[in-house]
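A single chain, nothing else alongside it, follows as structure tokens in the form predicted on its own.
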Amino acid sequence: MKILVTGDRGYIGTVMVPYLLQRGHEVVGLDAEYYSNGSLFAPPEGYIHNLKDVRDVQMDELVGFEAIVHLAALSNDPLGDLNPELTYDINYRATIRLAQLAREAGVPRFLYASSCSLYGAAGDNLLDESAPMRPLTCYAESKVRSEDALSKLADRDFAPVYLRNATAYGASPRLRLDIVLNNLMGWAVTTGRVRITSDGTPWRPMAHVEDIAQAFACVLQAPLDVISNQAFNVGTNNQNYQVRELASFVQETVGHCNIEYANQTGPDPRNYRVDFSKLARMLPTFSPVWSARTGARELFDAYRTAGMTTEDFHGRRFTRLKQLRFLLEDRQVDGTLRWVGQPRLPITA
């Protein structure tokens, strides 16, 4: 299958692409390359990669593709604080424009990387795909809006699918340290402490980045009438963890380190447990292999192999918001996050 992967140079994309290539797919990538300075190890090769803003894709560039895996986005809640309107522009408007062009170009499958964060503050009850959406951030709100608009484009020839990923973790060429397990391990490796920014009680559904790639691959192979206009929570029921549990996995992996609570005043308002039964039921070939405990060991080994330093951990290499602020302040991108002149890749200055 010929597949366009937007955001192919991101945290999930650099794991997704080799996963799809290994399964015989023809992959073409597209990415704005904001994070080229943040490689923990070499990004994948052996496929066509285009440096391009997803907002600038034209219809003729989509002709001939059998599927689009749409990962490109401003990728987490803190980025919404940078400029909420930019989050909506890139995460919502560009998504719908891309889908409309894909539909006109005859692309039958459109896999949208949504997020379980759209469930927001939901407490202890398990949430399936029919649960109310209570987005707490503009990032989560952009996912809600996109799913709603994409559903209106669905017809017998165009099958959008909404993969609501659990919170990702695990090693990736384009590592992120601004997601919970990766962050907790970064604290432990570079400071000898595991620092929790809440009281540790909030629930987080978790999924390893390779298992997320596997879920997308299963959807790509599924019959259109099974997956068209369907939402799937991506993860497993046994990986709903409280943050303090994740910290304990880091502690047992690293050894001599203390768990510290930076804010004892109360829990993070983002608190939700998710039911992943639909994915397992409708796509029985999905067989995840990771847990947060084994993921913690993988991260520990990867960080040590790469020689991660305190400067790496606190700097901009692996933290999306810090990197974008640098690009703005250095005037490498303008206020709309478009490159000013030719991008300097990798961005090391």
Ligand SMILES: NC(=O)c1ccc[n+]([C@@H]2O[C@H](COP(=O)([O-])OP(=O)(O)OC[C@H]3O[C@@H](n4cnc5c(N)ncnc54)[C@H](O)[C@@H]3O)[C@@H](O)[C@H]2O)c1
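Bear in mind that the values here come from a model prediction, so they are computed numbers and not experimental data. Numbers follow the displayed sequence, beginning with 1.
A second form of this protein, the form predicted in complex with this ligand, is not displayed here; the remarks below concern that form.
> Quick check on this chain: which one of Tyr34, Trp290, Phe65, Phe286 has a heavy atom within 4.5 Å of this ligand in the predicted bound form?
Only one option qualifies, and that one is Tyr34.
> Going by heavy atom distances of 4.5 angstroms or less, which of Val161, Ala102, Leu71, Leu246 would be at the interface with this ligand in the predicted bound form?
For this set of options, the contacting one is Leu71.
> How about Lys143 - does it come within 4.5 Å of this ligand in the predicted bound form, if we only consider non-hydrogen atoms?
Output for Lys143 is yes: heavy atoms within 4.5 Å of this ligand.
> With heavy atoms only and a cut-off of 4.5 Å, decide whether Ser75 touches this ligand in the predicted bound form.
Yes, Ser75 is a contact residue.
> Examine Arg55 and determine whether its closest non-hydrogen atom to this ligand in the predicted bound form is within 4.5 angstroms.
Judged by the heavy-atom cut-off of 4.5 Å, Arg55 is in contact with this ligand in the predicted bound form.
> Report whether the minimum heavy atom distance between Ser115 and this ligand in the predicted bound form is within 4.5 Å.
Looking in the predicted bound form, residue contacts with this ligand include Ser115, since a heavy atom lies within 4.5 Å.
> Using a 4.5 Å heavy atom cut-off, which of 249-257, 171-179, 191-199, 221-229 contacts this ligand in the predicted bound form?
Selected range: 171-179.
> Determine the residues of 301-331 with a heavy atom within 4.5 Å of this ligand in the predicted bound form and present them in sequence order; the list may be empty.
Heavy-atom contacts within 4.5 Å come from Arg320 alone.
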